[in-house]
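What follows are structure tokens for two forms of the same protein chain, given separately as structure 1 and structure 2.
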Structure 1
Amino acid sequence: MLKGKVAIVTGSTSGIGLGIAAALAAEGCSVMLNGFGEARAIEALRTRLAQEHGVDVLYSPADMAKPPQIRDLVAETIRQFGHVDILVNNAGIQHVAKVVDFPEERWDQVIAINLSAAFHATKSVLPVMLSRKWGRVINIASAHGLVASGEKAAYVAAKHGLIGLTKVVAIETANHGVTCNAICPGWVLTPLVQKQIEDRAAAQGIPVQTARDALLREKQPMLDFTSPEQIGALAVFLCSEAARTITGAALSIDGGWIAQ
């Protein structure tokens, strides 16, 4: 479905970003990976995606906290592939603390990577998308882009801001073949979350399954995790012709989190 298209997926060496990159590649899309990790592991990942799906896959180590590197990421993608059709702003970090204790440098970091990076990347790719009269910008927000939890001031502020940015880009590009939407996951079972569950189980002396259900029950009526693959499938749908008039939307995939 996406043969001949080119995508940038930030924060795509693991977790949600990797799930999205793999889903796009499976539809014939060439992909520029981005993220941190051990060089050998990233090269193995890049090679595997390219071979499994028969597409070109490249990698950029650009730091999403640094606007010049974000612009270089986009420019390098255009140099290598000729254009950019799909931008997935996925890179993100988290820090948990009460507002009165929140380190200011961590606030700046979270806002830079979770929100400002999406602005800089989107600004850089829009000219080529508009010139080609086709483009898809997908921002990976969160249930925390729609509701709040304590001790997550920077993350909640950034994700709310990301949804606001999504709406503005959607309005500005509405009649130019470009859409911009936000995906808002609830709990996603990534290796990092699995470790949190196992640590909680060990600390409380309870079975891992009990700790898993307790974590989900804190927020979601549905006691099941969303997978990176499911989020990838939603991203692919947003790139499809069926989603041509979906723009400016914040799409929840959260087990009923914000329905409560």
Structure 2
Amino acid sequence: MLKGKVAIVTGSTSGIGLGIAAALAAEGCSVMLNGFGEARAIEALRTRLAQEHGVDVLYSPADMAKPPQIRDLVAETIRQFGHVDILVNNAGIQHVAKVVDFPEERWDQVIAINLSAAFHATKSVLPVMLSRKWGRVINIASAHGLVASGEKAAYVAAKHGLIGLTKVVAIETANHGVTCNAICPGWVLTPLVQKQIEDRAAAQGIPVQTARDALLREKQPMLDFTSPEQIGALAVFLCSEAARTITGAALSIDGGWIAQ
């Protein structure tokens, strides 16, 4: 379905971003991977995706906290592939602490990577998408883009902001073949969430499995994690012709989290 299309997926060396990159590649899309990690593991991932799906896959180590590197990531993708059709703003980090204890530099980092990076990347890709009259911008927000939890001030502020940015981009591009939507996952068992589970288990002196069950029960009526593959399938749907008029939406995939 996406043969001939080119996607940038930020933060795609792990977790949800990797699930999305694999799902796009499986549809024939060329992919620019991005994110941190061990060089050999990333290279193995890049070749595996390319071989499994018969598509071109490249990698950029751009740091999403640094706007000049974000602009370079987009410019490099255009240099290598000729254009960009799909941008998935996925890179994200978390910090858990009460506002009174929240380290200022962590606030700045979370806002830079989870929110400002999406602005810089979108600003850089839109001219190409508009000139080609087709584009899909998909922002990976969160249930925390729609409702809050304690001890996550920067993350909740960034994700609410990301949904605001999604709506503005959707309005500005509405009649130019471009859509912009946010995906709002509940719990997905990735390294980002595994760390929160282990931190809770350590803090409360309980087994990791117990902490994992408690984490789900606290927020989701459905006591199960969404998988990165399921998020990938939703991203692919948003790139389809069937989703042509879905724009400015915040799509929950959260086991009923925000239904309560």
Ligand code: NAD
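All residue numbers here refer to structure 1's sequence, counted from 1. Here the rigid core means the biggest group of C-alpha atoms that line up within 1.5 Å when the two forms are laid on top of each other. Small disclaimer: the values here were computed from a predicted structure and weren't measured.
- Both panels show the same chain in isolation, but it is structure 2 that comes from the form predicted in complex with nicotinamide-adenine-dinucleotide.
- Once both forms are fitted on their rigid core, the CA atom of residue 208 lies 2 Å or more apart between the two structures.
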